[in-house]
Structures are given as C-alpha cells and as structure tokens.
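In the block that follows, a single chain appears as structure tokens, in the form predicted alone.
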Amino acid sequence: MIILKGVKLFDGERLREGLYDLLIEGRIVKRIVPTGNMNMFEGAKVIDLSGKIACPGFIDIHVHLREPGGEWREEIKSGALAGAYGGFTTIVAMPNTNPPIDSPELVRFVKLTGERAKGAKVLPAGSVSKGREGKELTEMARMVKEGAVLFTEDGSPTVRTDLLRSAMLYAKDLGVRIMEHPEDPYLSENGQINEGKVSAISGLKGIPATSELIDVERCIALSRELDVPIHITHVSTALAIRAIRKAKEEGVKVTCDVTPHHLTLDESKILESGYDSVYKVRPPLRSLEDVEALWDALRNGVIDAIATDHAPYHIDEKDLPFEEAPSGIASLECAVAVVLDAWEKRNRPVSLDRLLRLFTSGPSRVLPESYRSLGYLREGGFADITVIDLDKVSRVDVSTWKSKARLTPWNGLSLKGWPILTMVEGEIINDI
C-alpha cells in the first residue's frame, strides 16, 4: 500500500478545495479522504506531498516511438519510459513506422511491446490506409480488436477524400476516431517554414496557413455531413482555430489538439538561431499572432487536448542544413514543464482547471469509450497518477533523458512547474 499524503486534488474536471490523502492498494485508488482522516496502515509507504497537485495520469495522444524500423531514433521501451519521466501515464504511438502499423499483427506487436516496457501505457494507433499509400483502407475492425485506439496517416494527411470519408464511417461503427494531420500536400510541397515575414527574409519556401485551413475545412465538412467525430491534430494557425471554433458552435463533432512547441515558439526563433534545424517542424512554427490565437483557444475551450507530437531523431539526422533536415521536435520529458512555465510567464491566462483538463480528461475523450476513465482520478479507478509541483524550477538536461532523442529547443533552459511523481497502475515510475 502507498499513501500520498496532503495533496491538492485535481479529479479530471476541477481542483477540489482542501488537502487530501490518497490510499493506493495494488493497482487501484482505494480511498480519497481529507488529509488527516486516513488510518495509517502498518507497512504502508507514506509519501508526504504537502501542497503538491495530484492529477489523473497525463495522456499524450500523439507520440512517435519509431519502432518498428527506426529503433536508433527511439524504441517503444525508451519512449514509454520517457513518457513516464515526463509525467505521462498513457501515450498513443503513431503508426508512421517502417513498416507502418497497418495490420492487426503490427497493432498487437506495439501493444505487447508496450506492456513489457514498464513505463507509460502504450496504446497503438493504426494507419488509415495499407502501407500509408492512401489507396486502400486497412482492416480497421481487426486492428481495433487487437487494441488500435485511433486511426491516422499522421506524418501526412489522408489525401484521398473518399478514403477519409469511408474511414470515418467505419470508425464510427467501431467506436474509434480518425485523427487527421491537417495539410494540403500540394500547397505545402517543398515547404520549409511558415509562409510570411520569415520566409520572405530567408528565401526559404513557405507553407501557407491555408494549407492547414483547407484540410481542416474538409474534415469539418465530412464530420458535419456524416455526423461522425473527427480529431484534428497539431493545429497551428489562427485561421484553423477560427474554423474549428465556428464548427463547434454549430455542433459539429470536431476536436483538436495543439503542441507545446506551437504554444511557446514562433517563426522568429528560426532566424534568431541562425537556421538551427532543431526548430524545423511540421506544421512549421507560425507567427506570433498564431501563437496568441492558440492561447486564446486554450482559454475559450476550442482546444481539447495538448499533445507533444514527440518526434525523435538521431542527432546526426538533424545535423544538416535547415533545408535538408527532417522535421520534428523531441519533448516528451519536458513538455509538461514547457507548458506550465509558459502559463506562469503569461500570468496564468487560462484557469488551472482548464489547463489540467487538456492533459487528462480532454485527451481521454478522444479515445474509445473504454479508455475514458483514464482521464479521471476517483476511488476504485486505476492508480494512474501524475503529481505536479508548480513551484519547482529545474533545468532541461537531455543527457539525463530516458528517450534516445537529444534534440530539443529547450535544452539547458530552466523551467518552472514540473511533474515530480508518475504512478502507473500503482507502480511509481518517476519519483523526483
């Protein structure tokens, strides 16, 4: 038995008044009582966390683990550990591996490998099309039976609209959701950075905001027509946010997430860094106005989740001229701190309740019904718990990461607000 003593309690919806003691027995949260009212069980491990915030375990619905086929960048095991050390108890592995996760057998491989990793829980996402070729649907029903929780072509959009439409209809019957990488591949072809001031100065080919908007509008139109939910990932522009907000007001079943890097970095970082490829990402870092629009969308409820889009590469792969380097930022182990630090520096523009929902109950609602309880901290539920310390200041040091990735824009920076304990089904993985 473990007793977490004297915590503030965020239950998935709200931060409760007062302090609480939590009794963990085996894999389950056995009791939650106001602090001081818990009988001290002989042999129980008591962890004094006075004033820290216990939350449902954080959920990241967009993570690249690179296995199979890219194990030198990341493995399922290293990614699962990195997730847990970053405060996440559940992560969803994207299917754009080599080979892609496009069969029941590969879904089972990711799931079983994740179960052996002893880190964050790893849930597989499946490809929409076989081979990610955009021609023929995968065996979605059999893949769901093996554990697929989302379907996406992430890394690229689902180019053929008829295929996307069919996938959405199948997904509805299967109780899962399509996650779309919003991009018009023709508009963004050979694009390197955001189209705007920085692309004009640098001469690098820009990716216009309309590239994202066009696909977002396509998803909204299909969702409206079919009355089927769709999730749009890593939204980066004010234009797309405006379209999603309007659709939600109409009752269209569209949800979306944003990344820590699009919330905290803008295109000017590319110039300031002298075109350091660590800032190359897709969708690209956008304008300051876009960053402000994302924070407004956090505040007014348009955004449903914060997801890292953790995209690890070996250091040699990014050690190239900006135009030749691949896109991607690694962040699993510092993403929560990046967001909490920015939230603090902006004088807390979003309520803490709303911010924490974006890491917990928000992403859980994108997952199938059977996983929704992961976003809540309740008696009788699994003891998936993330404890955060809003006052903790620590430096990002990639040399200590469990991830194989070493390239992140925040390396060496001191950030305020960190996860200090991660528990997965009653087992403490990260206790700082």
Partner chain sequence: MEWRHKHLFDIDDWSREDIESVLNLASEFERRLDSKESLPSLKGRTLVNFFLESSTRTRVSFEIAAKLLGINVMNWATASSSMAVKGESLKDTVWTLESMGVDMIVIRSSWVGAPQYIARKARRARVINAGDGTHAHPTQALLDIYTAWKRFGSLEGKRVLIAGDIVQSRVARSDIIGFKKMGAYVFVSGPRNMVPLHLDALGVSYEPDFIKAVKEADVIYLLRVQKERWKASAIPSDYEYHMNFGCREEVLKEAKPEAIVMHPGPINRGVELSSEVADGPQSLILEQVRNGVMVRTALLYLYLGGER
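Numbering follows the first chain given and starts at 1. Bear in mind that the values here come from a model prediction, so they are computed numbers and not experimental data.
We do not show the form predicted in complex with its partner chain, though everything after this point is about it.
Only one listed stretch (72-80, 190-198, 173-181, 101-109) carries heavy atoms within 4.5 Å of its partner chain in the predicted complex, and that stretch is 190-198. The closest heavy atom approach of residue 141 to its partner chain in the predicted complex falls outside 4.5 Å. Mapping the unseen interface onto this chain, residue 316 counts among the residues with a heavy atom inside 4.5 Å of its partner chain in the predicted complex. Contact check for residue 321: a heavy atom falls within 4.5 Å of its partner chain in the predicted complex. A residue is said to contact a partner when one of its heavy atoms sits within 4.5 Å of a partner heavy atom; residue 296 fails this definition for its partner chain in the predicted complex, lying far away. Proximity to its partner chain in the predicted complex, defined as a heavy atom within 4.5 Å, singles out one entry of 220, 204, 117, 214, which is 204.
Proximity to its partner chain in the predicted complex, taken as a non-hydrogen atom within 4.5 angstroms, holds for one residue of 166, 300, 351, 273, which is 273. Taking its partner chain as it sits in the predicted complex, the stretch 1-36 never comes within 4.5 angstroms of it through any non-hydrogen atom.
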